[in-house]
Ligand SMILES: Cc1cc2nc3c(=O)[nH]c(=O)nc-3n(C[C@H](O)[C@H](O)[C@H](O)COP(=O)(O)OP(=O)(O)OC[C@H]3O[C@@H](n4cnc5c(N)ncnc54)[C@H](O)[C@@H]3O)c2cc1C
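Next up is one chain by itself, shown in structure tokens, the form predicted alone.
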Amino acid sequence: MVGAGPHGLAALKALLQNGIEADGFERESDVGGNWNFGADNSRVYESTHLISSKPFTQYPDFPMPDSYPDYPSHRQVKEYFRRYADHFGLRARIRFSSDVVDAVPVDDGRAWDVTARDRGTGVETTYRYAGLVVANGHNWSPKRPAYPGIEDFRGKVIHSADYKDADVLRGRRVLVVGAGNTGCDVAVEAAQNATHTWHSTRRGYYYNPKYLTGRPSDQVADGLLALRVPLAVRRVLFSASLRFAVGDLTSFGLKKPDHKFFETHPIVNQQLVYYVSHGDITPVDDVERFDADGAVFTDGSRADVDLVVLCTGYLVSVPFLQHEWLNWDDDHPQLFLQMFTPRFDNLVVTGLIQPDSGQWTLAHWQGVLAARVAEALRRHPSTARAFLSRAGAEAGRRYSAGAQYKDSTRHYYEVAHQDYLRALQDAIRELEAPA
């Protein structure tokens, strides 16, 4: 198991609970992955809180404390992962401060040689395993667009990967590029601290509130799913709710969305519109180019700024594996159930998903499925191979519950959680031991 973030912990626990000997490798000195604030590859910032509510985010077999709020902070989340690791006895099975630098199939693909470098001593050691589970995350390698003229810009440019708190924004003229949840968070913090803020987006979005009718909005959304309300009707209800609560977003100067609800990853931020309405954030078009003093946008307007924060997302990176082994298509892997490669039965990826709701329920069930596959390969190989034989034909299949996601790197791993959860459930049942 490579990685001791939310998905790595869940998979390691599932393997051990099924009697499968397993070791974990983690490059940092503690668990938590992206939520290990301050670690080299952590991308959370000081003000980060969950954007999905507590009951919809936690592991199904390990609830968050009752004392936690609806939307816990990153510090509470990290503590939750530490308790999870302790409760299930995972720490003793993890080699901390160990950076996996290479993994190669051996014995005609029946095993893997995994080489890890001790980050303290620099000593490299190779271990042999019957299978390899990759859980190194997909939100740590920054995507940096190649804007014309950016090399001439005299101000400072940072990626949100390096954004930790609002100090960097204070007293500056700030351009925030990107309208994902991070981009909206940073724009709001800039509105509170910068001299002025411009927020550049390619398209308009729906800026969802964290609460509807006094309840976390994701719980309201799942209530509609439980009632089996069709997608078209849910779209009408969400559009009407947003319009009733906030009004016409274009009246604030924001772009009209060029898509329907559920065709892009949900943005949960009820402060952005507030600061736009106060004139602290100026919405602007996509960046066309930079010059020495600032940015020129696609509508011909410009902004003179001295700090640019690129909230332009991340690209998946698995530096210790060859791309062909994970069935890469251009810049990302194409996997069966977003977990299994057509190349090897004993190579599994977990965590390569971006759900429209909380993530760690899916992490739990991905871990269970990985363990079921490992168990089936050991005890019922014909059942396992019949299941894995679908990897080639079904690699890249989307689980969107009927929505057509916008074509963007941001949506490579997007899943409708109810659709994907059902697919995991079906796969686990398929792999149950024959009578």
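If you're wondering where the values come from, they're calculated on a predicted model, not measured in any experiment. So that there is no doubt, residue numbering starts at 1 and follows the sequence shown.
Another form, the form predicted in complex with the named molecule, is not on view; read the next lines as being about it.
- For the options Phe62, Tyr45, Tyr399, Tyr68, the one in contact with the named molecule in the predicted complex, meaning a heavy atom within 4.5 Å, is Tyr45.
- Of the heavy atoms in Gln359, some are within 4.5 Å of the named molecule in the predicted complex.
- Looking at Thr197, you'd find every heavy atom of it more than 4.5 angstroms from the named molecule in the predicted complex.
- Interface residue remark: Ile51 is counted as part of the site for the named molecule in the predicted complex, having a heavy atom within 4.5 Å.
- Taking the partner from the other structure, the named molecule in the predicted complex has a heavy atom within 4.5 Å of a heavy atom of Val100.
- Heavy atoms within 4.5 Å of the named molecule in the predicted complex belong, among the stretches 35-43, 391-399, 406-414, 373-381, to residues of 35-43.
- Contacts to the named molecule in the predicted complex (heavy atom within 4.5 Å) from stretch 256-282: none.
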